[in-house]
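In structure tokens, one chain follows: the form predicted on its own.
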């Protein structure tokens, strides 16, 4: 019985697939290596970080974790970070989903002009408006400053972050809502539904992919925010985790094991959220 030889097309497909897997594997290794080095350095002594280039420590040292956990005051600053992140994410999803619904389905004069105006804000670097924002929120609308309360300060901290996420969120929501058949809205209007009811009961449930995308992006941006919170937060107990991480090691000689342990504590909640979202995904057949 004569064996069947693979066709040239099948050989090219196998070779192409093999090369793709090799490239993806190398890229994955390069992407994961910094995280593995961070975990490894957190278990090493300060001198060993410089001397031992291997990812495997000579001796596992948990003292750095214990001391860093205490110095970081994790739960206090973790709660500050969670409050800021949740306020920003919920504000972005609620406000700009409404704006996207208006731009997508509600006819009004100058709709496209206003939409293009919002979209043009993507071209404005956020760092260029830090000083005007600070002056406005400190003097004109006194929400922040040394004498401001915790609630007022965090409102003043969150509002510009919500505003900064507006252009892209409006763009994504508007384009997603336009893919939903207009017949659904027309049928709801015939049944006597208001625009708010149509938005909440029809468009929002169908926009879960867009909400997930915008929510995850703003979750990461808010959790890792550094520049704007460093200008607004004036009291040590109000700092978020990235800002508290800065104060862990203020010595002339950098203790990389301390910094890596603190960074690991800051990153772990994001990893847990990612794993939770993966677990909540519906099973696919």
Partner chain sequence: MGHAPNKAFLNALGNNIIIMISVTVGVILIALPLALAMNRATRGVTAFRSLLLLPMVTAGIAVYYVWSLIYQPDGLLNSLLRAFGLEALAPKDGWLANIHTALPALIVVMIWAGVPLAMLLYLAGLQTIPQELMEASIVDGAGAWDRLRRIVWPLLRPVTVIIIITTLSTALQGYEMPLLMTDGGPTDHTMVVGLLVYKKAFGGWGTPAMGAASAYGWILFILGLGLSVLSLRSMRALD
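From a predicted model like this one, the values you see are computed outputs, not experimental measurements. Residue numbers count along the first chain shown, from 1.
The following text describes the form predicted in complex with its partner chain, which does not appear among the structures shown.
Annotated contacts: 107, 117 and 145 are all free of its partner chain in the predicted complex [non-hydrogen atom within 4.5 angstroms]. The stretch in contact with its partner chain in the predicted complex, judged by heavy atoms within 4.5 Å, is 122 to 130, chosen from 150 to 158, 122 to 130, 206 to 214, 79 to 87. The closest heavy atom approach of residue 66 to its partner chain in the predicted complex falls outside 4.5 Å.
Although the partner is absent from this view, residue 70 stays clear of its partner chain in the predicted complex, with no non-hydrogen atom inside 4.5 angstroms. Contact between residue 50 and its partner chain in the predicted complex is found at the 4.5 Å heavy atom cutoff. Of the heavy atoms in residue 134, some are within 4.5 Å of its partner chain in the predicted complex. Interface residues of 213 to 238, taken as those with a heavy atom within 4.5 Å of its partner chain in the predicted complex (partner not displayed): 220, 224, 226, 227, 230, 231, in sequence order.
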